[in-house]
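Okay, here we've got a single chain as structure tokens, the form predicted alone, with questions on binding and movement later.
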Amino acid sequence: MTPLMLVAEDFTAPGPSIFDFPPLYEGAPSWLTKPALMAIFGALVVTALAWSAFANPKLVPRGMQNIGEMGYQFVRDQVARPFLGKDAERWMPLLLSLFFLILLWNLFGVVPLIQIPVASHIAFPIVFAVTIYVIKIYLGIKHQGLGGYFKNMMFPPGLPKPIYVLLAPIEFLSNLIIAPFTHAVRLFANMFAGHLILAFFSAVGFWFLFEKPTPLGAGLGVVGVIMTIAMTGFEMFIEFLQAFLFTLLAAMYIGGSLHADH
């Protein structure tokens, strides 16, 4: 066994158990955990920020209104209008709330003392994905009719008829089963994996610099600290990107149900 292996023999890498949280206090309901508390807290923060930005708008925006309008324009121009067209403004309350709530929930993963991305628990992305799924199906049937919705979904026009034998079941599975599943899992998996990587490099830095400081392990500890800093910056980018992609897909699904030709 090499000297470095001897230094590291007691080191235990963080695993999925870091996502397990007990109830907040003895006798609390099993669902009342830190992630649930942070989810509620995040919703209250987004509500407060939206209220301060838009409750009493001025002709010349200042302060929170200015920040709120920049966020509104970003979601409207980059998410809503490309997929919803003339219906973009109607769906902005949902899309704007979705984007900023998921973004804040994700950023909790790099906030000291909180350090848990809410979406790293699959239940939260599932609730959002199922909500969008129900809206998608409802709008599709409402605007296209029951038969028309499934026809437009499974039999896109302009293709040779024999192709539909293979294409129709694929489109059915893709739209009604795979799409909502991947919508939730994409967000969850990225937040889960990113937080696990951050926890690993943080643990390496702490262990070799503070818990078991040795000249041999110091270099590895420094690498752990550098990687923690670098991965934190990268993780913040991923947290923004995943909030953007989740909202973008929501707009795409809603737009596809409103406009069959898209």
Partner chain sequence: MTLAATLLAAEEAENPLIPHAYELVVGSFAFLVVFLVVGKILTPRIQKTLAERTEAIEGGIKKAEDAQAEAQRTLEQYRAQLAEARQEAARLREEAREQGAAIKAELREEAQAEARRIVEAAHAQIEADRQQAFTQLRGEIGRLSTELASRIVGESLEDEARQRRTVDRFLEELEGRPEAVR
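Under this definition, the rigid core comprises the largest set of C-alpha atoms superposing within 1.5 Å between the forms. Because the structure is predicted, anything quoted here is derived from the model rather than measured. Positions refer to the first chain, counted from 1.
Heads up, the form predicted together with the partner chain isn't pictured, but that's what we're talking about next.
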query	finding
Among 128-136, 157-165, 143-151, 171-179, the region lying within 4.5 Å of the partner chain in the predicted bound form by heavy atom distance	128-136
Candidate site Phe74, Phe108 and Val225: all three near the partner chain in the predicted bound form by heavy atom within 4.5 Å	no
In the predicted bound form, the one of Ala193, Ile40, Ile229, Leu209 near the partner chain [non-hydrogen atom within 4.5 angstroms]	Ile40
Contact flag, Ala123 vs the partner chain in the predicted bound form, heavy atom cut 4.5 Å	yes
Partner contact for Pro35 in the predicted bound form: the partner chain, 4.5 angstroms, heavy atom	yes
Ser97 within 4.5 Å of the partner chain in the predicted bound form, heavy atoms	yes
Contact flag, Pro57 vs the partner chain in the predicted bound form, heavy atom cut 4.5 Å	yes
Is_shifted Pro29 between this form and the one not shown (CA, 2 Å cut-off, rigid core)	yes
